[in-house]
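One chain comes next, on its own, written as structure tokens: the form predicted on its own.
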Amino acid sequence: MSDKLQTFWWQQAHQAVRDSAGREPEWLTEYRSEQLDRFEATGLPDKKVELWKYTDIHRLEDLLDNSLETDWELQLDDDEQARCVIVVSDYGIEVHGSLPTGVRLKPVAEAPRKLWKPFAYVEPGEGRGSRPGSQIQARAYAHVMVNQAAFKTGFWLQVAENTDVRRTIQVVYTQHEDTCLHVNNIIEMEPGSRLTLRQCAQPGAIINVVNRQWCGENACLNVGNRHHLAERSAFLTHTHTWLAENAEQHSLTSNHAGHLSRHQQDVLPVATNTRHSAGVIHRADGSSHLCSISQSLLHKPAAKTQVVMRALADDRAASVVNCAGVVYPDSDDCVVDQSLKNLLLSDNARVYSKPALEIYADEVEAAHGSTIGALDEQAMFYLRARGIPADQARDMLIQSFLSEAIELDDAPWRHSFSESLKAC
């Protein structure tokens, strides 16, 4: 292993497997070891891997020598004082405030084995994954494999059956000592439960988070993410969501800056009549590199998924948005809607935008589209003619463009999240 990042990650994972022996269930240590072996055999993704074609994982090597601040303290805004805030770091898990009634929080290693379902590194479904290139597809999940072997901390958050959690729970990821911190979380929504979760990250170097989200029958999970990073930091997330009958999962993500910010969500219905929506906002400037990927693997009837991505790239930055919807045979009455729009604000910036549909069923409603353009000169002229300064007019048009990702449906929680984005 001559690659600097691959060697570093392998050493982290190998040490974690050794340290976990005797401190956690034996089956979990074996699972870590299996993931380490898989990572060692697969290696890091390169440009031949579709999901990493325009995202260079080796940008992380620039951050391995970062010196971390050790005096970080949680600062809460006035409106956050009443919230329950979960701080996840290399020191473990801290809870500020009280957990809402019906919510239980434990270390992830205490989660039952049934919730540790292996990730589908090759997509499920007859005829898919068995074709040439399956090994390349598996390589796209190398950061997930090493996370599952090397995770140092993480939580199991469980919401009791028929519990409507009215208070928002906030999760903050930060670092004190570890140059690369691997976090593994499980969120279990029991049947009929509802929860709104907000997440943000303050990495000093690299934070790699893997989430399993289990949404039971008639459950609803709303997730708001604000990833506004420092120039020399990176944040990777992979979220795998399983939806039971009539379950819903909605997310809204704002990505801004960072040496590398990459976020992927795979949605897998396990029963009928599921609903998923995702709004994604990218503000790439400086030399930042932002990547968002959404994959909806619909192999149950009457599943609905809607993804709206709005991205802009300025200076020397790069923005990557990739959206895939797969409807498997006999999955009739599914609805798939993908809208990807991008603004290119500099000659040196780059935008890569790819919607994709694979339809193997007959009765399906599907639409997708992607655009890349500049700010509307007519709109700029209209605003300037009414006495609005150029910088303010530009900001107004950008804000209007990005807000389309927030307004993709009428969920009430989106309005408060929209206000929080304006304050950033």
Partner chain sequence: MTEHDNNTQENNTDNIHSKGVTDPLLAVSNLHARVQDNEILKGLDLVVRPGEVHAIMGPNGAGKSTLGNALAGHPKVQVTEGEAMLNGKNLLELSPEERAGEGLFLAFQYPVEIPGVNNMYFLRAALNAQRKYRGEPELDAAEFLQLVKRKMKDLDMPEDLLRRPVNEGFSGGEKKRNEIFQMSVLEPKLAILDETDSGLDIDALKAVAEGVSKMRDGQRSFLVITHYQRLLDYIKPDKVHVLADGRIVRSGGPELARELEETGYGWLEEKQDS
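Just so you know, these numbers come straight off a predicted model, no measurement behind them. Residue numbers count along the first chain shown, from 1.
Just so you know, the form predicted together with the partner chain exists too; it's not on screen, but the next bit is about it.
Residue heavy atoms within 4.5 Å of the partner chain in the predicted complex occur in exactly one stretch of 395-403, 30-38, 366-374, 47-55, and that stretch is 395-403. Using a 4.5 angstroms limit between non-hydrogen atoms, Arg59 is distant from the partner chain in the predicted complex. Put simply, Ser67 is far from the partner chain in the predicted complex: not one heavy atom of it is within 4.5 Å. Among residues of the shown chain, Ile388 is one whose heavy atoms approach the partner chain to within 4.5 Å in the predicted complex. Taking the partner from the other structure, the partner chain in the predicted complex has no heavy atom within 4.5 Å of any heavy atom of Ile359. Residues Glu377, Gln378, Ala379, Phe381, Tyr382, Leu383, Arg384 are the members of 370-384 with a non-hydrogen atom no more than 4.5 angstroms from the partner chain in the predicted complex.
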